[in-house]
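For reference, the chain that follows is the form predicted alone, supplied as structure tokens.
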Amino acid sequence: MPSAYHPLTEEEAVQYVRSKLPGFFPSDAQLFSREIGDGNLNLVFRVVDAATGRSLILKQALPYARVVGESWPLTLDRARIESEALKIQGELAPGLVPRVYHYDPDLALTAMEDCSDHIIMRKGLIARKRYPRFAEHMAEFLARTLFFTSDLYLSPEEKKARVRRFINPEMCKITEDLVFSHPYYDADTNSFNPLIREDVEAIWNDGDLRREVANLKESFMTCGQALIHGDLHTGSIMVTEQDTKVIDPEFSYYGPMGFDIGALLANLFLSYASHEGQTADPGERKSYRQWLLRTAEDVWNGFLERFNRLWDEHVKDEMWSAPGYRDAYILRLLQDSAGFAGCKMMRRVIGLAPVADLETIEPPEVRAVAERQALRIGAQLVLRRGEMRRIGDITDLVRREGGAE
């Protein structure tokens, strides 16, 4: 840990901005700071000029997981990785991530654009909000950030240099444990509704499912296809009706493309299951669930259109043009996305850090119905991912296992 490191206070955040970002605010500006972080790992300060409303965010990594405490130490290097990932993503997908103004390695701190006029997408989905440009924006983000950081575009030397730069073992270990290991046995970190214990134990005892999750874990650990966000859930996306910002890429590393796509799909499908309990009116529930599945389809189809166009325009290696290679690549990516989506869904029901989509459903008996739907969908996405040939196969499975009206 750098000797100068210490967690900032709200008052120190103001002093820091004045000293390290001169010119961002007028020298005589009356600045206010508030710590607004509601995540598991960091301090987040919003610093505002009282007169003009101009603002920025200071995000500081803590040397431990907030959700657990100092007994779970974490690397501060994740702040560097997040800052560098945001800069790369901002170059490749302009306007779809916050702008980075400054990075401080000694304090593990990044100053960035304030997106407080947006809402965390998860909150919007719970409230049944619809975002007409979300699928278009996420298709663009996924296609460009995944294609341009992969071997399909980069030279072998540049790709390997970037892999080295984004080695992120501690954050990957969190995913390896919480997504691919702990939910599939009686681990101490698990936390689930007691009413679904029988369903959870059935997952623990399903040898076929555990084997397939193990295969996906191996892929996560060994398949360095592209620089992925690594934690692309709806709590890491901020939205308005017309704008989308992807935030929090501190889990970034070179991994399988399907993990990012699958994480996003998983959270749309978790929302789908949650409205079994969140929305009492059958008509409203059916309509919103249909929108969620259309959005999932639009994300994949938009991604695929853009990814194929980038392939046509930029792929130079003769071997990537071998007959049938691209079709096999895309099919494998779809199936990987289905499998990773299933793991992410089951993890959010059984493991540490559950999602508000489900956790806010009361009473527990109603929540259990939605949670069982999520577990069924997740398990079948993993077990049957090899049968998926198009995005419609995936959304059909969600309808079937999720009790579509």
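In this text, all values refer to a predicted model and were calculated from it rather than measured experimentally. When you see a residue number, it is the position in the sequence shown, counting from 1.
This protein has a second form, the form predicted together with another copy of the chain, left out of what is shown; the following refers to that one.
Remark: of stretches 268-276, 238-246, 176-184, 138-146, the one touching another copy of the chain in the predicted complex is 176-184 (heavy atom within 4.5 Å). Just one of S116, N308, S191, T222 comes within 4.5 Å of another copy of the chain in the predicted complex, counting any heavy atom, and that one is T222. Contact with another copy of the chain in the predicted complex, judged by any heavy atom within 4.5 Å, is made by just one of A280, A322, A202, L331: A322.
With a 4.5 Å cutoff on heavy atoms, R164 counts as touching another copy of the chain in the predicted complex. At the 4.5 Å threshold, heavy atoms of E198 stay clear of another copy of the chain in the predicted complex, well away from it.
The closest non-hydrogen atom of E297 lies beyond 4.5 Å of another copy of the chain in the predicted complex. Taking the partner from elsewhere, L107 is found to have every heavy atom lying beyond 4.5 Å of another copy of the chain in the predicted complex.
Applying a 4.5 Å heavy atom cutoff to another copy of the chain in the predicted complex picks out D151, P156, E157, K159, K160, V163, R164, I167, P169, C172, K173, E176 from 140-177, in order along the sequence.
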